[in-house]
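First, one chain by itself: the form predicted on its own, in structure tokens.
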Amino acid sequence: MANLAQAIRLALHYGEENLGVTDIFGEDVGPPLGGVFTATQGLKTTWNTPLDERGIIGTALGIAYAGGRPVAEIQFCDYVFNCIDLLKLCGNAHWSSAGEYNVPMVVMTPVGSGIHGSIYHSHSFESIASHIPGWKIVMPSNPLDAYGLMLAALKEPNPVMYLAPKALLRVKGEELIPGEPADEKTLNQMINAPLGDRSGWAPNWPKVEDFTVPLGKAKVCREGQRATVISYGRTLPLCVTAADELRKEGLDFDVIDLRTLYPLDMATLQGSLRKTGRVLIVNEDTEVTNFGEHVLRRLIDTCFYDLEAAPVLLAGADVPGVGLAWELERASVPQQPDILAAMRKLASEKA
């Protein structure tokens, strides 16, 4: 089974061959490294840029304006904050031109904790990204969705922000990508560059197929009656594991993977909350002006009288960054025991 980074690589290869991708670029994106997480290894349209995030975003906008279809990578989302004004230009180009211009570009960047990255390589970005109009925003939690969401992003006529959870990039999937060889060793031999000299290496791409996860469509990963748990990215698998454990205690939960943060799949979220009457949102961004607060507000606006207990947000600590030592990192963002405790408490609240 492909891991999440390999799934992105396979999707970008499909995009080069079938969807008109013209440029994939960023810091260390091209040979020999193929991206700091190897998500662009072996792709034919890759090239390396200077260490200049504003230059990367500006170049992507220019290529898209000129009729290309670029994929620009910001090596870590922690370094995209100085590009907010340019991201706003990318997002409002279609609207401000009264629909005359499309900007078919994807910006992908790794986000979140999980790699011992401390304050410079562990930030979340979804709350800020969601406040930049004109962008669609996705965050996969598994390789198959990573593949399908990237193909959906590459088909979009206007900007998509593709947020890849760092902690999951090496996690293997449970479902095959269409066209992926079933044997993991075979896949690795086909698409992973060797160590050492790579000057004569070229990937032997499998014949992966079109598989699109529609933007704006959430996924119900577990079904239950006791409460609704909404998450995405790194914390989604933790919520699923917690739900499986609590089911043994007779507590069953709906667990929903947003997959697309903007636009939100409100129909799925509302349907679940109206069934269960209780909701917990889990992510790892700091709790202050957290994206989960926006989800809660929209659910309260539309489903207030369906609630049987106060809605809950479980988020990262209100600190300026993520701790360096492993124990400090674990204390900075929700972990499995925190999620278990929050789910158990919500399920036992009196209506």
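Treat the numbers as computed from the prediction; the structure is a model and nothing was measured. Don't overthink the numbering: it's just position in the shown sequence, from 1.
The same protein has a further form, the form predicted together with another copy of the chain, not shown here; the description that follows concerns it.
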In the predicted bound form, the residue from Leu144, Cys221, Val171, Leu89 with a non-hydrogen atom within 4.5 Å of another copy of the chain is Leu89
Using a 4.5 Å heavy atom cut-off, which residue among Ala193, Cys83, Leu251, Val208 comes into contact with another copy of the chain in the predicted bound form? Cys83
Among 240-248, 266-274, 113-121, 172-180, mark the stretch whose residues have heavy atoms within 4.5 Å of another copy of the chain in the predicted bound form. 113-121
Judged by heavy atoms and a 4.5 Å cut-off, are Ile128, Val288 and Pro311 together in contact with another copy of the chain in the predicted bound form? yes
At 4.5 Å between heavy atoms, is Trp95 in contact with another copy of the chain in the predicted bound form? yes
Answer with yes or no whether Pro133 is in contact with another copy of the chain in the predicted bound form, where contact means some heavy atom within 4.5 Å. yes
Contact between Gly323 and another copy of the chain in the predicted bound form at 4.5 Å, heavy atoms? yes
Using heavy atoms and a 4.5 Å limit, would one call Tyr262 a contact residue for another copy of the chain in the predicted bound form? yes
